[in-house]
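Shown next are two forms of a single protein chain, provided one at a time as structure tokens under the names structure 1 and structure 2.
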Structure 1
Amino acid sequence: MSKTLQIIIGIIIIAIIVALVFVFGTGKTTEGLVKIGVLAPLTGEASQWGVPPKEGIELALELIKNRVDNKKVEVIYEDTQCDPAKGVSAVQKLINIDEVDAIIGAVCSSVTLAIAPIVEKSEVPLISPASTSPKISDAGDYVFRVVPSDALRGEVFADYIKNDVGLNKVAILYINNEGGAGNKDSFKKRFEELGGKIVAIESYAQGTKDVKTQLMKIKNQNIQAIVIVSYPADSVIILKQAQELGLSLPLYFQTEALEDPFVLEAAGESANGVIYILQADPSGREVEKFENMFEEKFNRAPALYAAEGFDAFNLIIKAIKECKAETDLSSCIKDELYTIKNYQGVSGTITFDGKGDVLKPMAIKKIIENGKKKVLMIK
């Protein structure tokens, strides 16, 4: 064989190898890959709100067998511990290193607001399963959520306390972060519009273990009730310390913390008689199907926000199915989410408005003896 012929054969072999690599890739996947990032407090005091969405996502991923439109779906979890700084580091990793196509999260409003400018600049769509701060409505075109804004919750709760219960003078005790401040502001605005008076406002830092000083200040005021905005762990502290101080005023909790079994078990009889507000429970065949599948997988009923995690994941998958192969996937997912109308999710019917918000009915509940709950009103 001549040297010239050897060179020609070598060139042909190299060309064939290059062509094969171009057609079949490097062996990672022959059909493409979709990456979805998840930001949630998987450990720490807010983990009661972060683990359930993760479980809902795991169930949804299992049901589609880790694939969508012949592409493998990879989910990457990051623990924020409800810390905005940790959330920023995590979202930068998801976007710049993992190169995710979409993000589910965050859970705590303070984290979602901290990462919103980053996802907006990077043009990566984000759906929060639990963040409720009114400020999120204006956080950007790429930010969505499947829970109602605290602006709605505050208005409904204020209307209930002022018009349905007939109270005129109340105090507010709230956790001093984005979620707490948002709830406080929305309630105060509406309650005062209705002619009510906020006699005192006290706050405490996230992670606080003692609120007796704030409770004593409120106790000495001429008020009819206390409106409280808290996380699960500090809800227990507030309930127990209010009981220790002999504070007999009615307590109205403006977050879903009292829905948490941990809170009811830890607070015991100090939670009896407490009234709280949260999104009304959805119903229907899809909800029952989800609950049965969840119980079969995890051997227990889904906790709060598991359904929202399930819906957020499936909405992203639905959007991906509508996107054409030649389009930028992240931008296409964002555009498709805005077209979602009357989607029958397991967390309720979902329609995104022009700000990525949803409207859902709210429930007023009361804790009766032994941690049992009673629905007082749906508004």
Structure 2
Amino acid sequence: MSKTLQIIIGIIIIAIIVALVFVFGTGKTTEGLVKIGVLAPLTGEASQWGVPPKEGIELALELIKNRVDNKKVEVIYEDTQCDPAKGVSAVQKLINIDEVDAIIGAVCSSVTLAIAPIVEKSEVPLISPASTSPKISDAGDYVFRVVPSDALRGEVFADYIKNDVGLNKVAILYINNEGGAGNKDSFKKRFEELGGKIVAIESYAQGTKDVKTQLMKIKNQNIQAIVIVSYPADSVIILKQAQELGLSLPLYFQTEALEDPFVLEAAGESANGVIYILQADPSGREVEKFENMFEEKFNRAPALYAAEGFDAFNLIIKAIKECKAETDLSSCIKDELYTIKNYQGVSGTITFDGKGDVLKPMAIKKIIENGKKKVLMIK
């Protein structure tokens, strides 16, 4: 065989393959098949938040026996390693090559924000099981999440302090990093909208062990309470130094740090009477059932965000069921998700607002004494 002939045959074979791929490989999803892509950090440092949602999804897929109505469900996992660049290539692959109908992910807020414009342009709905950055609220029409935005906590807390407790003048002390500043802003905005007054705002750097002067500056103001946004280690320092300085103002912690048993042990009596806010624990028969099934499958209790992965998957399946006759499945799933109200998920009751943010009940708790806590209100 001459060399020219070899080349010609080669070209013909390649052309045939390309043609075959074009004919059979592309075109909207094959009849009777639904594809769901999952983007999560499955390896690397953030995998502790990425693997649990994957497990939740695996369990949910098993429970529907890989089928919805008469269609087969296929789940495609992509590892983002919590890296926005890797997330972008992974989402391109899911959308352009796998042609998924919906995506669950990403886990890290930075990745979710990086891929949001792509899913928006390709009109593929996305549900994040774990990203809490307030910026995601405005990331696009097709972007949903089943964890509440960090902003929600501040808004609910402002509402509680202004309307339920009836305080009008407060000071804020917050940890000066992205999360802390975001939490502070959401509280401040809502509290002022409701007619309250923020008299003083003080901050401290992450890793600080001395807030005495900040507390003194606040103490000198005419205020009724201090609202604190902090991390576990500095929560202890704030409680200790407030006690030592004889600060008698009520302290409201806008953080789940006080739920940490180490913090309560370290703070001891200085934590008595403190009020704090966090996401309410989901409860009920469905939650128990999920936990039992999860333990049976994986031989351990579900970790943080496993329930969120489970719920995100089931919400997409629920939407697909409603979209039977639709030709444009992706857009229909998006529209259906916006109509979800009071869905009893295993991660809590889920209602999406107009921005695709979930509204989940928050719990306001008080530390009575010796680390004992009491739920004051679910809001």
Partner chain sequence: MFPQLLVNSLIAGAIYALVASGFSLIYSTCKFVHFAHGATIAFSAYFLYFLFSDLGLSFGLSVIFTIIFASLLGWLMDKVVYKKLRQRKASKVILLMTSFALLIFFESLILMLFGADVKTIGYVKIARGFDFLGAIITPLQIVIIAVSLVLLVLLYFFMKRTKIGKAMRAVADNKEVAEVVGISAENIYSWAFIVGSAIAGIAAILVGLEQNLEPMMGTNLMIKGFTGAIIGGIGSVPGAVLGSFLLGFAENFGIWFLPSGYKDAIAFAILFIFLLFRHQGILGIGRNSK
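Numbers follow structure 1, counted from its first residue as 1. Just so we're on the same page, rigid core means the largest C-alpha set that superposes within 1.5 Å between forms. Source: prediction; values computed, not measured.
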Exercise. So which is the form predicted together with its partner chain here, 1 or 2?
Worked result: 2
Exercise. So between structure 1 and structure 2, Ser248 and Val211, one rigid part or not?
Worked result: yes
Seminar exercise, completed: Rounded to the whole degree, the smaller rigid unit turns between structure 1 and structure 2 by 40
Exercise. Core superposed, what is the CA shift for Val199 between structure 1 and structure 2, in angstrom?
Worked result: 15.4
Exercise. Once both forms share the same rigid core frame, by what distance in Å has the CA of Asp185 shifted between structure 1 and structure 2?
Worked result: 6.0
Problem set entry | Angstrom shift of the Cα atom of Pro361 between structure 1 and structure 2 (superposition on rigid core) | 3.6
